[in-house]
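Take a look at this single chain in structure tokens; it is the form predicted on its own.
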């Protein structure tokens, strides 16, 4: 177990924390934009950077004052740190493991066929596997991964991510994986922690943080989202009536936001288009643009009486897809369970 307890680290004008976090034998993905504190967090866990205050506990041992060599931590960065003058096997053996451990880790990573190759002869995906194998073979208590797939081309990264998750689940130690790539986060993480401005603004399963974002940054970084400024009008239990321009919309909400002005997130996939409307959460809109996105169209809409435009994702087999042309008027529906009140970060 990794326990980050009331950790604070300042770097110039940037402040990490105070931050509390527990990581069990799981893959925790730290997802956040550049400058949110992801790498700083990795550095204080590993001992690369010393804390201003707080504690790092690994297992039952307080390691806040220990050097990186004495923390039982392995760390893999963006750029590979393999020794170019050594073969794959020599790089792995550098961790001073037994022959039995080497055979086991080689089997797990499926790299038997490249053991005699020089590092310079490896592809990007092969280098990633070798570096991860070398990190894991040292039997660390914690594995820290700082964007290890980011240097790979998209097809290679997409293919390698599911394999990496399977491998990391077999290791059965706490893994902290830092990334700004939400697709990697979905593929790999047991839980996802959203970082913003040096703190964690939301943590939960991939499904929870996607379907129920609690902050604007969580809504934006976990996927496409329409963030709309609305006015709170009525509250009853978890039911809300909010004003958006001339419309009164019903929401099922788990948090209030500001009593007067709130922000509401709704995913483009959740908005419904129809030729007939009227009733709760139905509005009239006009199509501004239709953009081909491969497996869907993104439709930009202006809602009558509202300054903000919205985006709707429409599947290719939608029965009105051929008729969704610029300038057409169409009905738009916001399902009340698909809207989330999100807080400023």
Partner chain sequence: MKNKISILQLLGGILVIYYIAPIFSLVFWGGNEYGRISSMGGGISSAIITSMSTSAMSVVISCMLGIPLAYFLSRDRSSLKDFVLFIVFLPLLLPPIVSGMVLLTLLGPGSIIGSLAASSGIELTQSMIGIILAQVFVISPFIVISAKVGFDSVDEKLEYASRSLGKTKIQTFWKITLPLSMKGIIAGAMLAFARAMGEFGATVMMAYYPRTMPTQIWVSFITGGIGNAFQMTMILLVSSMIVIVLIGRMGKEIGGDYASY
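Predicted model, so just to flag it, every value in this text is computed and none were measured. Positions refer to the first chain, counted from 1.
Not on display, but discussed next: the form predicted together with the partner chain.
With the partner removed from view, the residue among 80, 126, 147, 190 that has a non-hydrogen atom within 4.5 Å of the partner chain in the predicted bound form turns out to be 80.
Comment: 133-141 is the region of 133-141, 228-236, 108-116, 246-254 lying near the partner chain in the predicted bound form, near meaning a non-hydrogen atom within 4.5 Å.
Proximity of residue 53 to the partner chain in the predicted bound form: non-hydrogen atoms within 4.5 Å are absent; the residue sits far from the partner. Taking the partner from elsewhere, residue 176 is found to have every heavy atom lying beyond 4.5 Å of the partner chain in the predicted bound form.
Contact check for residue 69: a non-hydrogen atom falls within 4.5 Å of the partner chain in the predicted bound form. Residue contact with the partner chain in the predicted bound form: residue 216 places no heavy atom within 4.5 Å of it. With contact defined as any non-hydrogen atom lying within 4.5 angstroms of the partner chain in the predicted bound form, the stretch 184-220 contains no contacting residue.
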